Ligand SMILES: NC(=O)c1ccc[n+]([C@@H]2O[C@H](COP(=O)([O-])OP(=O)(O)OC[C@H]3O[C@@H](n4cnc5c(N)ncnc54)[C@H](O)[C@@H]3O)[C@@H](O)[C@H]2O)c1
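Next up: just one chain, as structure tokens, the form predicted on its own.
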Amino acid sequence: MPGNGNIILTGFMGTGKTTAGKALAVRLDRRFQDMDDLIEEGAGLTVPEIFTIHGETRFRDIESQVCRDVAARSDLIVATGGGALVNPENHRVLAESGTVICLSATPEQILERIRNETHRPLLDLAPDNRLARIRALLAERDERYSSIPLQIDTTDLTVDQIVDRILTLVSDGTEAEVPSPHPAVPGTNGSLQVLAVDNPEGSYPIWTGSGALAATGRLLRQCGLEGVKVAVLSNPDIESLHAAGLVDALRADGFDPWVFTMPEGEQHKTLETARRLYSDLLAAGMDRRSPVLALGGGVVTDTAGFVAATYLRGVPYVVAPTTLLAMVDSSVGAKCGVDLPEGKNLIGAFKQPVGVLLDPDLLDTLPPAELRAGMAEVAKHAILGDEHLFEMLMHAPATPAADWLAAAVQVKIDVVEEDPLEQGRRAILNFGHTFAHALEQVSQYTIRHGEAVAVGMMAATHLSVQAGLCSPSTAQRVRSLLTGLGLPVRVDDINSAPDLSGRAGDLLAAMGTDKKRRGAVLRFVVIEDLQQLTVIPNPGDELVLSAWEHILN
């Protein structure tokens, strides 16, 4: 691998420059820099705003200056804009600072990758025929793109495959020098494992291991964020336990952290809480490059993600969950939102983080009841996607989290990568949740989410047996897993639960606001066997009421 030379990724929009660049930076432990981000930072405007207000000529002038600024630095992974190196002088300047690699893809693949993006001003000239516009622009730039010696066609390649090919080119084909796709990176208490999550907007790393929280600044730098204000969003209890250490670590890495808190509890996951946080961020001078960092459990991560998705039309988002449930569930998948009186998570968005930090050391401060409740999501992942994890939890339920945390998270990564916007298979992650959300709502959120999920999984399993989809022996294995982990399988097993006997009808009615319904039809995740789950439409009130009665009596 060359000394301190930059690695510059160029090529047309949608070929993977930013996505692969971020993943490459993680592999090589280098800093990632997106040139469009530098342009926006310097101009105080977004790229589309520069085009609209000043025109393309002014944009290209700014771009050339940024090329010179980047070339004066070293040891960077750089993603250029699609037209940056069409200018031969820009190409010359950047090539002198390191290795330039041009990424390409078919017009059809490019269109598919950017289908949902609205910030492509050069495509806005033909909004009704983007494919034709892509082909025209590719034809205009073909001579300049083709003049770059090192080329990678990214069509149909995964992010890891693109990174492998980049490293092979940079190392002159010496495969032995290509790092592992999931390298260990230094933490304060040893090495951190890095998992990669591919999504429609690119890829982001999950750093997991002891001391991960102290590495937050390093992760932000690798994502191209340096010296910015950081909005740490937490609740008062978590702030008192963990915020000081995080703030010190961020300051030591050159960041300016500000801590904001919201009250603890699902009842505070509201639009009013989000509105207050918007005002706090504005008062602190947080701009478009100021990341929102969620430090807390699921209520904090859901709210922080929603705020990050909507403040100034979106700012970078970092997740540092402090509960087991949040580590395994809400830290992956980009879903975020707030509640309405009518139900949970009815207002929300998909917000991809720039990075996630999973530090099992933070679990040491969790009350035993919270830790046990978090095991419900771990059990769910074992049931739906990992036979080895299921057997480990069945036979050694006291195994330390550090031994299985990455495996539990990987189950969700695999599902989410296949279905990032919950249009198909991802729905199986809601196993038990249709029952659980109704249970939480009717109990006025006196029941922990993990406890409700455990009972909900038992209700869904009973429903599966009654519908003739699942054998009683499989249902017994699910029950044994849950009870072995100290999880409830009936409402009466939950100490904080109110008396819900005779209220199966109210619970059935509460299901009517579940966001997983299609039109007026509720959908249920049912189990056919371990690691074999599917989604069915409402099997009828009689079977659903029977499932409620099973967990109420």
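One-based numbering along the sequence shown. It should be emphasised that the depicted structure is a prediction, and the values quoted were computed from it without experimental measurement.
What comes next is about the form predicted together with the named molecule, which does not appear here.
Trainee: Which of these stretches, 416-424, 107-115, 76-84, 264-272, has heavy atoms within 4.5 Å of the named molecule in the predicted bound form?
Mentor: That would be 264-272.
Trainee: I need to confirm a contact call. Of 472, 367, 400, 341, which residue comes within 4.5 Å of the named molecule in the predicted bound form, counting heavy atoms only?
Mentor: That would be 367.
Trainee: Note which of 214, 325, 436, 354 lies within 4.5 Å of the named molecule in the predicted bound form, where distance is taken over heavy atoms; exactly one does.
Mentor: Here the answer is residue option 325.
Trainee: I'd like to know if residue 201 sits close to the named molecule in the predicted bound form, meaning any non-hydrogen atom pair within 4.5 angstroms.
Mentor: No, residue 201 stays farther than 4.5 Å from the named molecule in the predicted bound form.
Trainee: Within a 4.5 Å heavy atom cut-off, is residue 91 in contact with the named molecule in the predicted bound form?
Mentor: It does not: once the named molecule is placed as it appears in the predicted bound form, residue 91 has no heavy atom within 4.5 Å of it.
Trainee: Residue 335 versus the named molecule, in the predicted bound form: is there a non-hydrogen atom within 4.5 Å?
Mentor: The answer is yes: residue 335 has a heavy atom within 4.5 Å of the named molecule.
Trainee: Classify residue 237 as contacting or not contacting the named molecule in the predicted bound form by the rule of any non-hydrogen atom within 4.5 angstroms, answering yes or no.
Mentor: Heavy-atom contact with the named molecule at 4.5 Å: present for residue 237.
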